[in-house]
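For reference, the chain that follows is the form predicted on its own, supplied as structure tokens.
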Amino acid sequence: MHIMEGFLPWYWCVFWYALAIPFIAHGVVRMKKITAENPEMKPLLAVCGAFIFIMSSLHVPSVTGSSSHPTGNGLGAVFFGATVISAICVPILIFQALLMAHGGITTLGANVFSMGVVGPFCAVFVWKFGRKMGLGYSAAIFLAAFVGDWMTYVAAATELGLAFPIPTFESAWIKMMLIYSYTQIPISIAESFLTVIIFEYIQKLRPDLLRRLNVLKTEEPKKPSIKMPEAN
């Protein structure tokens, strides 16, 4: 997904920066609010950020000027909201661009928009829809992780198709999605299984944090049982 440095025309770089910045700003404000009100959320936030960093560092060659890799954006988006992931993706993508030659600074806006905006928002939508439809936590988080990953690449293909509509946007987009699909579908499935394992571990270890984040339902207090007097 990481679009390489200097690959996009300058005006598309400016355009994607302009679209990504409001989400990043909102995410920073929300992250500060969450950690100020609940300091014990900081380790969980760090775990979600580390998961994104590790997953998105595992690159496989695919579309020219880009690559395939897991994204890890679904887990944190379900826990903290989509815009928090927008903010978290900024230092991750800068580090990867400067020290790992993955992505770039000029293309940072485009990469944040696909991995930190489109993917997380789609993941949250699928999570909420799945839970509303009666899916269990594990099934809902599996689908959220899969869609968050896959939609990141739909967004990346759209960004590349708009920049290089050869011969048309539609044909360029379809060609890139076909190339992405060979690597990204199996990657998305594997990432989703791993996300379920991590989710279930956190659910078992700290369900109180997930209830405070409204990820798990709050347990209703048990009503005291009333014993009927025995008949003599």
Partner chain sequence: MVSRRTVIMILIIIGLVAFPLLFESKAVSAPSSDDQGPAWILSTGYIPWVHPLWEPPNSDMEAGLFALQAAFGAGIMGYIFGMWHAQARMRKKEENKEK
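Positions refer to the first chain, counted from 1. Just so we're clear, the structure is a prediction, and the values are computed from it rather than from any experiment.
The protein also exists as the form predicted in complex with the partner chain; that form is not presented, and the subsequent description refers to it.
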Segment that reaches the partner chain in the model of the complex - one of 81 to 89, 123 to 131, 94 to 102, 144 to 152, heavy atoms within 4.5 Å = 94 to 102
Indicate whether the partner chain has at least one heavy atom within 4.5 Å of a heavy atom of S57 in the model of the complex.
-> yes
Contact between M31 and the partner chain in the model of the complex at 4.5 Å, heavy atoms?
-> no
Decide whether P39 counts as a contact residue for the partner chain in the model of the complex under a heavy atom distance cut-off of 4.5 Å.
-> no
Is there any non-hydrogen atom of V117 lying within 4.5 Å of the partner chain in the model of the complex?
-> no
Within 127 to 141, which residues have a heavy atom closer than or equal to 4.5 Å from the partner chain in the model of the complex?
-> S138
